[in-house]
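Heads up, the chain below is alone and in the form predicted on its own; it's given as structure tokens.
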């Protein structure tokens, strides 16, 4: 595959879709970062599919009339937002939370990016209903940028369905202003055979982010969560449930970085592996030098439901400061035989008892989903996967 031809296609796509000059330059730089690390054999189905999408001319923003109003909630196609708020996106798109320079995959994601959404919640806004971020048939290289202004309070529910069975990448970045309070719920689905997903957040002082994540995708999955507690007194909690079946492999990395003083990060991961599947949980809490009074805690639990299913739980604490609190707990095991026996003595057959105990292991996170329709759908999916 001609790497220089791809570079030209990136520029052509950017021009035909009226993307700002700075984004064209950034995409070209991103491609330059990865092109020398790829060869014909290394261009996986994922990469080839993304390149094909860049050849298309979306023209989504060609007739956009700019409206510079950020006093209300803004929810736009990413291409349209690039036309209306170019300076805002230049400062924040893949810069503060999900940095395009961080690794080759992130750079490739930006270089070949063609679609996504932009969400802006103005300072001081208090939402009375959850804000839905959805796409029933998203492209297989998709990006969501969410900016929540200072003092705003909002529940965000992300439901992105990637229908294509080829490789896919979904990137979400969330920026919290000073004092912002956000509950973020993710109930995405992907049918791709290889799914890459990143959820990154950057938090200013006194902000509070609570994440509730459901990993029910069907294919092999690499899932990456990273939260930077940059401002003093900022807090983040990540609660995650994952299920893998058949021969599915999931690698999940969750990291919270305590930069500010008296910051608090909590990671809770619960996973279930059945059949011949595998789940690897990697939890990292890092307290940087100068983060006096910071707290970092994590708890990862994995259930294996068959002799062939397996996994790994890898808790890591990296401490560069003395005046802190940190701890971790991790476990891998099977369903308790005593609990199974107890349920069977109450007239419940062994298969149903397995289901009830496993459901109880994962349900606390699902019950936090604020939308009843989505919650019931997630519980139904869980039930289907556990049968």
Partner chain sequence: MTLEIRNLHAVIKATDQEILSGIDLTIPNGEIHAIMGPNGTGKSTLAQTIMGYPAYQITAGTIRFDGQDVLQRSVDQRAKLGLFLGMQYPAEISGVNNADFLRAAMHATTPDNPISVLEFMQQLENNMNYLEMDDEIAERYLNVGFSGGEKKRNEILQMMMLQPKLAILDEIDSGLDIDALKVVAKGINHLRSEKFSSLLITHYERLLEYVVPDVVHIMVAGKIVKSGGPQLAQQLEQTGYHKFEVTREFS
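Here, rigid core means the biggest group of C-alpha atoms that superpose within 1.5 Å across both forms. Numbering follows the first chain given and starts at 1. Since the structure is predicted, the reported quantities are computational estimates derived from the model, not experimental observations.
Although not depicted, the form predicted together with the partner chain is the subject of the following passage.
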{"query": "Full three-residue contact with the partner chain in the model of the complex, heavy atom 4.5 Å, for 157, 181 and 205", "finding": "no"}
{"query": "The single option of 363, 374, 11, 23 touching the partner chain in the model of the complex, heavy atom within 4.5 Å", "finding": "363"}
{"query": "Single option in 34, 332, 356, 326 placed near the partner chain in the model of the complex, where near means a heavy atom within 4.5 Å", "finding": "356"}
{"query": "In the model of the complex, residue 348 touching the partner chain (heavy atom, 4.5 Å)", "finding": "yes"}
{"query": "Residue 319, heavy atom within 4.5 angstroms of the partner chain in the model of the complex", "finding": "no"}
{"query": "The partner chain contact in the model of the complex: residue 70, any heavy atom under 4.5 Å", "finding": "no"}
{"query": "Interface residues of 329 to 346 toward the partner chain, as seen in the model of the complex [heavy atoms, 4.5 Å]", "finding": "338, 339, 341, 342, 343, 344, 345, 346"}
{"query": "Core-superposed comparison between the shown form and the other one, residue 367 Cα displacement 2 Å or beyond", "finding": "yes"}
{"query": "Core-aligned CA displacement of residue 23 at least 2 Å between the shown form and the other one", "finding": "no"}
{"query": "Core-aligned C-alpha movement of residue 379 between the shown form and the other one, 2 Å or more", "finding": "yes"}
{"query": "Inter-Cα distance between residue 369 and residue 265 in the model of the complex, nearer or further [3 Å or more]", "finding": "closer"}
